[in-house]
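Heads up, the chain below is alone and in the form predicted alone; it's given as structure tokens.
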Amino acid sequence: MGKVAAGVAVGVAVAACAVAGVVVGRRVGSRRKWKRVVRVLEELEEACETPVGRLRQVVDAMAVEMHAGLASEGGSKLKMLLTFVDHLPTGSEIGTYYALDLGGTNFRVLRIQLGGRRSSILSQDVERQPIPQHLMTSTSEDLFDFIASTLKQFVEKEESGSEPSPVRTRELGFTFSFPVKQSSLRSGILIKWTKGFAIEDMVGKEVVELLEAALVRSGLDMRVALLVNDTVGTLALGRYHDADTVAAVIIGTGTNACYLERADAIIKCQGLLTTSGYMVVNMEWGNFWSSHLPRTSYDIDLDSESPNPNDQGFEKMISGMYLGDIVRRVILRISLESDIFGPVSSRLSIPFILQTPLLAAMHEDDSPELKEVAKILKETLEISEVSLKVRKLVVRICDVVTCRAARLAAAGIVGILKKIGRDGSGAGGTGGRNRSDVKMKRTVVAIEGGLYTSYTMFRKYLHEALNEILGDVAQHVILQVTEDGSGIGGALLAASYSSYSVDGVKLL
């Protein structure tokens, strides 16, 4: 019995050692896995760093590129397009004006009635209409006949029962958010289609001429007062509400900016004459690039796999179209290097499956167990049964990517302010820091887009960066949210450029 007992004891000891060895091995393996994960996270954090010194370099680079783009065509990645808008709404506009907003697979028609007092929009009517799929690849005549017919029905419905305006042609602001080479306030040639449109006979044609021909065919008495893009509309709406508005920025699915520039600073158009001495310049800032931008391997891969490689570099780092996909790429790399997410999900290889609203929902999940993170990982990426520790890791990745985007957007805004002398740098090159001896003007930037308005953490990081870069000057800079600048702004510009008014005052 003694020998048997001893044998059993030895067997138990061996088994215990084996179990302990397995446990220790698992712990060591787990530590190694997390070391790899931590290394990936640390590399991301380091590559995305945006200390204030770096942000100031981006500010300077933006201002330099703006100068270069104004000096010559092709002199900069920034196109710095002339809009021929040389005055903005004053608030004294009176009358009824229309807008057509075409910038995607839907278009909108608007009618506003202005009362002649700043911020006094007496009434506003809007109708949204989807564009039938076949018209997006048909002919220009088919597309604009459909739009003109819808516009005519809208006008007749909204004006039914109202007193007709004597001998007055209705006026329309046309917001057309596709690449256009503009040659005057009312003329612009379509360069190329985007957003699913492919109407071949319209490329290289005058956009306003095609619309006005359709209006004539429909029997609608309406004049197109001007052609603008959505950013210019946002600036017009901001200026209507606040006379200190000097720039506009859209930060949503895409991003762009425009601002009011001195006409004599637009060197590539020497002798340019404007009634105000200024002109609105459409920067097309999504294409901005500088070696000071903190680019990661994920950005490089995203760009190379995109339909427009080496294009829109700034946009790909800061806009809603791309942030979710950057996060997806980081999660995919971690999943390939460790099994903390379980077996590699095939969904992680689908571009843009993780859209930015989902990123925002995970980032701003304040539940103790991060239930929203778990839900999105499971339903969107088919990653389930992950620990709280892993969910916290995902939130951290979202935070790093979003923080970088917001801080770079802030640097871009300050770059505009620097170019027009509103950053407080003045003499001595203090970069806007604590210059109490400089009398600063109140400066308003109109801002629009869901990434800014709906994503709390993005907005918070942008404002923090603005304060860091500008110092005391930040108190003089207001970011003012506008709503529907692309639509209402177009109608306001129609009023501002009405053939029936002088300086916005109605004559008829």
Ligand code: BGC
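Fair warning: this is a prediction, and the values are worked out from it, not measured in the lab. Just so we're on the same page, rigid core means the largest C-alpha set that superposes within 1.5 Å between forms. Numbers follow the displayed sequence, beginning with 1.
One more form of this protein exists, namely the form predicted together with this ligand; it is left out here, but the text below deals with it.
Worksheet entry | Single option in 255, 356, 402, 245 placed near this ligand in the predicted complex, where near means a heavy atom within 4.5 Å | So the residue touching this ligand in the predicted complex, by this definition, is 255.
Worksheet entry | The single option of 341, 174, 107, 178 touching this ligand in the predicted complex, heavy atom within 4.5 Å | Partner contact (heavy atom, 4.5 Å) among the options: 178.
Fill in: 4.5 Å heavy atom contact, residue 312 to this ligand in the predicted complex
Yes - in the predicted complex, heavy atoms of residue 312 and this ligand come within 4.5 Å of each other.
Practice prompt. Answer yes if any heavy atom of residue 234 is within 4.5 Å of a heavy atom of this ligand in the predicted complex; otherwise answer no.
Written response: Contact with this ligand, no.
Discussion item. Although the partner isn't part of this model, could you tell me whether residue 230 comes within 4.5 Å of this ligand in the predicted complex, counting any heavy atom of the residue?
Written reply: Contact with this ligand, yes.
Worksheet item: So in the predicted complex, does residue 225 come within 4.5 Å of this ligand, heavy atom to heavy atom?
Response: Contact check for residue 225: no, nothing within 4.5 Å of this ligand in the predicted complex.
Worksheet item: Just one stretch in 216-224, 137-145, 187-195, 406-414 has heavy atoms within 4.5 Å of this ligand in the predicted complex, so which one is it?
Response: Heavy atoms within 4.5 Å of this ligand in the predicted complex occur in 187-195.
Worksheet entry | Core fit, then residue 338 C-alpha moves 2 Å or more between the shown form and the other one | Result for residue 338: no, shift under 2 Å.
Discussion item. With both forms fitted on the core, check whether the Cα of residue 106 differs by 2 Å or more between the shown form and the other one.
Written reply: True for residue 106: a C-alpha shift of 2 Å or more.
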